[in-house]
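Consider the single chain below, provided in structure tokens and representing the form predicted alone.
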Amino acid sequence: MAFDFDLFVIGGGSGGVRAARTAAATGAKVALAEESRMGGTCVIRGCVPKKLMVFASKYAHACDDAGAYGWSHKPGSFDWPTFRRKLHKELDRLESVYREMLGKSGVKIYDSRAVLDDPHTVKFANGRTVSARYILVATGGHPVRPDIPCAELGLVSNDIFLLEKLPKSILIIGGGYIACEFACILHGMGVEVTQYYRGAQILRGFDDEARGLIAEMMRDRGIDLHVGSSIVEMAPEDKRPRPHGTASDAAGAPDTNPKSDTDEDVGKPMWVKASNGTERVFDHVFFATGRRPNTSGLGLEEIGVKLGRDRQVIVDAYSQSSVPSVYAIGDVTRRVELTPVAIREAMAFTETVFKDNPTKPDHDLVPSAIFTQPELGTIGMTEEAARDDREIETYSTSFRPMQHAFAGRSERVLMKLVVCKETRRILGAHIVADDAGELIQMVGIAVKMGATKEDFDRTCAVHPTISEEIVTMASPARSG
């Protein structure tokens, strides 16, 4: 059977674009459809704009430190409109770069929603269809709101970059990395930030000692962080439920289920009731309560593609779905939801399908960073997970860096290695510090290579740096 294309990619994010370009480089005829903006979540509404906001948010503290170091300065207020204009100009530039790269690679671009009509056919929004020998689903994910009345009036991560002006106050719901990153960002930009998380500690799944220190530092900076708290009700402030018999309750009955006219109520201050009974009003409520794969309405189940409990595409070790001609990579598969992982999955896909070199993407020992302030860089096992698995030694030190101590800041850093007692191999490394993301990239190379604690010990320290502590910890803090 003759096909219109050898490969059709649905999704123009980092993974989809890399797969399209590398497949086209083998001589394959490739097309790609994107219904929104080229670049996907990472470039347009995720990693890139978020990191630029991280940079912007740090200057207030830098100005404070400058005074402690002898500089005369008069810090002003943060100008969100100026930053926002430049931010979107940069995102426009990056999107054009992605389009240019695809064009130079010979990839046909369709600016349209595309769904699967059968295992080899893709249908566009206008009803037109094309055929392909292989179809790659790289549609990523999207943020979700909780199922409570008026939740549609709350912001999600996609909305933050589009705000016309910064709020004076905001409530962030959630304790994952997105919630904590934006709590630090917005606080640094001058917003009064309150954060509710229903769990016992933020950043569930990360090393306990590291996430405990980050929570402490966030509070020290002025973020009003509450764990063991969640939202039970919300409504526009002028439509909040009133107790029976109040003057504003003309009918004499309380409104126990507030409803909103979304268009009318967008942008209004929001009344919120917490699980502990506290009632407060915020300019905005921001939900960072999880993400879900973009699989709805794609026609996947209709053609036999199996989806998981979270609606993710179930794939094998080579990213192939239950339908042989359909593959999937990136966040839509919920394996490791990181941009560099999606890119590696894309390259493994091309090796497997178009170079006759079956290649499994490597999901083991992936370094990552959380861009809180201070940052968390991490690779490998947490101390808790490692202890449940084998005998370990934990090397850990926490201290005030020279730069912060001189400036009179209380902020501390953490350097931590989790070591297998039998093999001496480093099972996990966790760093809480400014620029920990940069540090963990370098440490990650050694850990990935199988370095032992003695390999770290043999490496001479660079003095005076905070990172020298990673190679000078002589005695374990704990064993077990």
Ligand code: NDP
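Quick note: we count residues from 1 along the sequence shown, nothing fancier. This structure is a prediction, so every number in the text was calculated from the model and none was measured.
Keep in mind the form predicted together with the named molecule is missing from the figure; the text below concerns it.
Among M270, A288, V193, A328, which has at least one heavy atom within 4.5 Å of the named molecule in the predicted complex?
Of M270, A288, V193, A328, the residue with a heavy atom within 4.5 Å of the named molecule in the predicted complex is A288.
Exactly one residue in E233, E351, E181, D265 has a non-hydrogen atom within 4.5 Å of the named molecule in the predicted complex; which is it?
Exactly one listed residue reaches within 4.5 Å, namely E181.
Among 198 to 206, 81 to 89, 275 to 283, 213 to 221, which stretch sits within 4.5 Å of the named molecule in the predicted complex, heavy atoms only?
This holds for exactly one stretch, 198 to 206.
Does G175 reach the named molecule in the predicted complex, with heavy atoms at most 4.5 Å apart?
Output for G175 is yes: heavy atoms within 4.5 Å of the named molecule.
Taking heavy atoms only, is E337 within 4.5 angstroms of the named molecule in the predicted complex?
Residue-level check for E337: yes, a contact with the named molecule.
Give a yes/no on whether V115 approaches the named molecule to within 4.5 Å in the predicted complex, heavy atoms considered.
No, V115 stays farther than 4.5 Å from the named molecule in the predicted complex.
Tell me, yes or no, whether H61 is in contact with the named molecule in the predicted complex, where a contact means a heavy atom of each within 4.5 Å.
No.
Heavy atom within 4.5 Å of the named molecule in the predicted complex: which residues of 358 to 379 meet that condition, in order?
A369, I370, F371 sit within 4.5 Å of the partner.
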